[in-house]
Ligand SMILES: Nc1ncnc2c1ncn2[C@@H]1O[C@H](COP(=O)(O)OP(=O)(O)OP(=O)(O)O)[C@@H](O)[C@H]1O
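Single chain ahead, written as structure tokens, the form predicted alone.
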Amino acid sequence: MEKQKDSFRKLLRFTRPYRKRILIAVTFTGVLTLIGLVPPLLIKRLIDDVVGASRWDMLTGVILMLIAIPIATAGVSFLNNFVIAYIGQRLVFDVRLKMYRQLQRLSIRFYETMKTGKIVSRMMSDVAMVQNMITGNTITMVTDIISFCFATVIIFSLSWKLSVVLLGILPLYLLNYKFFMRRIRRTNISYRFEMDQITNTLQERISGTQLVRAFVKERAETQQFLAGTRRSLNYAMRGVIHSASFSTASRIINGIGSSVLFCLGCYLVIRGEITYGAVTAFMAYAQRLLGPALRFTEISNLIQQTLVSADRIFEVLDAEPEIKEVKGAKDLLPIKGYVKFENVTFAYTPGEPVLKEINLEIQPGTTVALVGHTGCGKTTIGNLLLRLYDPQSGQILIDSRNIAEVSLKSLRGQIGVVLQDTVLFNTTIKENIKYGKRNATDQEVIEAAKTAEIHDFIMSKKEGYETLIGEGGTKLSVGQKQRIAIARAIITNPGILIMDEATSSLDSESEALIQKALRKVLANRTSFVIAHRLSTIVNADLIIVMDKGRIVETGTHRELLEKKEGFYRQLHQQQHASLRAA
């Protein structure tokens, strides 16, 4: 519980820039509350003095005041609501912006543990819950506190006996709160967890709808979604039952308490200890005490949900990036392309190394091919070079500089990447190519597209480079998407280029054109080509053969084939046998 309170206190820090506006809102709220305390006294005057004592000369003044109060309240309420709405919207903006910036800082490992659906749920629904609590309900609580304090003074001035009875009723609300809150909180946590799972599954299945239909899994996916939704429904209904029981018990306390007070008030009127007007006013002020107590028990349910939301938000905001720049990190000078791995060992999971004591030295301008069975560590070398992860031991040097000691921006900004699983954004072809270099000219975009052998296709489209490609590039073939990704990497003119299975999804004709174009691109820069098809890397300056996280062979294509018992030669023969069998 203390952890949730701490998260809530951290969230309140987001309100600091708006302290003046909050003060204005609280002032307006105070004014509204005080104005709202006047009508019961006017009604008492109307009953006891105007009607009871026949002082009809006071009637006009009392009625005018009763009319003026709602008008004044409406004007102040409008200003108050505007200020509160402004604070709420700015709060949402600030929290989401900070969360988004934090997500850009966090390491890849964070995304391996917290899936996209969970992150989106925290940024949208949890932040909205916090906004509702901090702005709307916090102001309500301020109103209730002010009303409670002033009403307490007034009721004692009207009747101390009734006041003592009223204050004796209030602890019943606390007992009700204690009984239900723990149950409500547990249910909220379980419900939020299920909703995270549903959101994550929904996002995956919608993005993979083509695969779902291709395997005729619509019914199975619907059943799975139904099962998850039913679990969330069960938790939701359990929460509704707890909340409804909580509110019902509070309303019973409120109703019985009001009835007891009214009957006791009538008894005191009969005894002559209090007037009818005083009883009427007392009952109105009693609601200023019982009402806040009732609302507090109802708001307590929202408070519990908000504490859960605050805790979930700070799961993101308090997460520490695994990859950090050292203090005073300097920019890496324009890369010449000398790369060296010194005794590098790395494991994604402790105790299960993916790379084991890798020693590698690459001269500038060398095209290096990394080959081996799936899971041998080829892609991991590229990830370490980009410093998406840090090795557990050893170091990586670029131009004799330890990459752990340079700024991430200067490092990654000089390394171009083409991934096997192409990521494109739902915008134009031109914007996707320019993603790595926002200030690129149209001519640079066209040259990059020509090099990637995608220019002719682009010009065949009605909108040309302004063609929208759809979410994830759904309007393009796999090969077209990959060539756009190659153009995106080329346009940055990187000192080092990493191509992870970059031509694996291209047909033979497209691949031949790409290979021809890439010879020019790779000629003057250090390039790491991670390949499964050995036919694509026969012209590499150096082939590094990996197995089970270790480098087992190095050499050119010709040199490696000459090793009769060599690992590379075995791979080459296996692939040729597979092609002949096909």
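Keep in mind it's a predicted model, so treat the numbers as computed, not measured. Start at 1 and count along the sequence shown; that's the residue number.
Below, we refer to the form predicted in complex with the ligand, which is not included among the displayed structures.
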Query raised in the report: How about residue 132: is it within 4.5 Å of the ligand in the model of the complex, going by heavy atoms?
Result: no
Query raised in the report: Can any non-hydrogen atom of residue 380 be found within 4.5 angstroms of the ligand in the model of the complex?
Result: yes
Query - Proximity of residue 375 to the ligand in the model of the complex, heavy atoms at 4.5 Å - result: yes
**Report entry** Proximity of residue 425 to the ligand in the model of the complex, heavy atoms at 4.5 Å
**Finding:** no
Query raised in the report: Just one of 115 to 123, 480 to 488, 171 to 179, 342 to 350 has heavy atoms within 4.5 Å of the ligand in the model of the complex; which?
Result: 342 to 350
Query raised in the report: the ligand in the model of the complex: within 4.5 Å of a heavy atom of each of 354, 389 and 420?
Result: yes
